[in-house]
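What follows is one chain in structure tokens, specifically the form predicted on its own.
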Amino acid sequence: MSQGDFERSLKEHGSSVYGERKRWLALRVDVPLLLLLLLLMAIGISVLFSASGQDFNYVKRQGVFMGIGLFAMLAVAQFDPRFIQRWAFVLYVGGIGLLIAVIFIGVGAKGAQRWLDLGFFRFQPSEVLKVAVPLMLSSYLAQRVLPPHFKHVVVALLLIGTPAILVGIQPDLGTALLIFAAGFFVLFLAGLGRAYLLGALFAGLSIAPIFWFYLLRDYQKTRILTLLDPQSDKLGAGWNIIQSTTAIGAGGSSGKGWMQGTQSQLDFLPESHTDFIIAVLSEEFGFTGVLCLLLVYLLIILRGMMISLNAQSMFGRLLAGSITLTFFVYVFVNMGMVSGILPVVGVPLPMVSYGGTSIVTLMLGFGMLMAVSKEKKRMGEQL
């Protein structure tokens, strides 16, 4: 081999090694979605610091869970959606097993038994089902002829209903509704016929009296009745709605300023760092601040729907669409209950309310979104 051939071979080999190293080091992420989530987390941390009474412990714990969530999201994003699909059944069955464990060895708080005590922190298994249910249904329906036949709809309803009932008896009506919504969106995106939708509406109206008289607990009935007339029990069931709407109205157009809100800082507003944190943001940053937060949420939802529309597989399309629409329901229900147009059901504001399990679960969902987006790019590169 001549000197020139040797040098040329060395260059080609070095270039090949560099290319392989570059591929291994490069993370496959959806950059627009990542930037929007980082912005949302920054907003959440700043509002939480004020809502918690400037308690650094809350901020530190929230930051730790956000870091864990980011790591989990980026890790999941590196997998091919087909690999994720293969684990759908395992995650679903494991989640059901954890919900059953909660019934026997769960830890209770405020009249509800929803957690498993792992020693160093409490884990809420119902959060896992918010991801496991749409993942399982997307995997199941993507392997069938769509729109789904009646027998497949029945199986899908069983897959949705089992965890929803197990969560509902904890009781945790808000999370049960979110699990049901996540599964329903998969069915809807799979092309569920109009007859099924009308039948579901009729069935829901038919069992509403049974639901009211035999399934709802007294405090849940009170929350619904209080929604219609909060002033009927100003110091009891109506207190939360009255104080949250007062905080929202007090903020005006531009707000009182960061950490200057009286409702939260003087502890008039209950659960100010969790379910009612949007009222803190509204009082301190006003209508303008709420609009900015809504814009971030809207951009995240739009990005998620774009990923769903551009997905290269039916599984990816169903999964991405259902995760995105469930995220929308999170935002809508929380803001609706805080502003007094929906009953208080204990749904946190995503990525802003304090709560570790919720954040990690949400980030896992976004990691799956990124995996679907990555699949599109990789297949496009091969064409």
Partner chain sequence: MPDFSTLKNPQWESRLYAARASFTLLVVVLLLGVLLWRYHDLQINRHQDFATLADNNRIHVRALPPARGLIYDRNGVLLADNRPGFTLSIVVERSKNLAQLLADIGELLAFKDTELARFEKLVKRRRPYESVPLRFNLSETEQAMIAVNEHRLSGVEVSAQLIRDYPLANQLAHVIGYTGRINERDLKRLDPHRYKGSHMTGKTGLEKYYEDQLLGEVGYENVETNARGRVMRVLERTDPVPGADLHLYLDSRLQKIAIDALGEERGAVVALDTVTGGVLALASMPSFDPNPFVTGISTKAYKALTGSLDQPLFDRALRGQYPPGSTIKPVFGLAALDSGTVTMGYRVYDPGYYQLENKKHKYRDWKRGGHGSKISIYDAIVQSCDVYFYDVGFRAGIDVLHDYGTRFGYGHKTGIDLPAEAPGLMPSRDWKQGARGRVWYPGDTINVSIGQGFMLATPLQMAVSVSRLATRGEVRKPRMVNAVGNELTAPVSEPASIDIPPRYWDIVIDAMAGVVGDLRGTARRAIGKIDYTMAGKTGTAQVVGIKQDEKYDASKLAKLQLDHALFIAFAPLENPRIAVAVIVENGEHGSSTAAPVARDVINAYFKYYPEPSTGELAEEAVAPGTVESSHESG
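What you see is a predicted model, and the numbers here were worked out from it, not measured in a lab. Residue numbers count along the first chain shown, from 1.
The same protein also has a form predicted in complex with its partner chain, omitted here; what follows describes it.
Screening 163-171, 70-78, 98-106, 305-313 for residues having heavy atoms within 4.5 Å of its partner chain in the predicted complex returns a single hit, 305-313. With a 4.5 Å cutoff on heavy atoms, residue 183 does not count as touching its partner chain in the predicted complex; it lies far away.
Proximity of residue 267 to its partner chain in the predicted complex: non-hydrogen atoms within 4.5 Å are present. Shown alone here, residue 53 lies farther than 4.5 Å from its partner chain in the predicted complex, counting heavy atoms only. Heavy atoms of residue 83 never reach within 4.5 Å of its partner chain in the predicted complex, leaving it off the interface. Checking 89, 121, 258, 188 against its partner chain in the predicted complex, a heavy atom within 4.5 Å turns up for just one residue: 188. Between the options 216, 176, 142, 159, the residue in contact with its partner chain in the predicted complex by a heavy atom within 4.5 angstroms is 142. Not one of 28, 222 and 345 is positioned with any heavy atom within 4.5 Å of its partner chain in the predicted complex. In sequence order, 286, 287, 290, 291, 294, 298, 301, 302, 305, 308, 309, 314, 317, 318, 321, 325 are the residues of 286-325 having a heavy atom within 4.5 Å of its partner chain in the predicted complex; the partner itself is omitted from this view.
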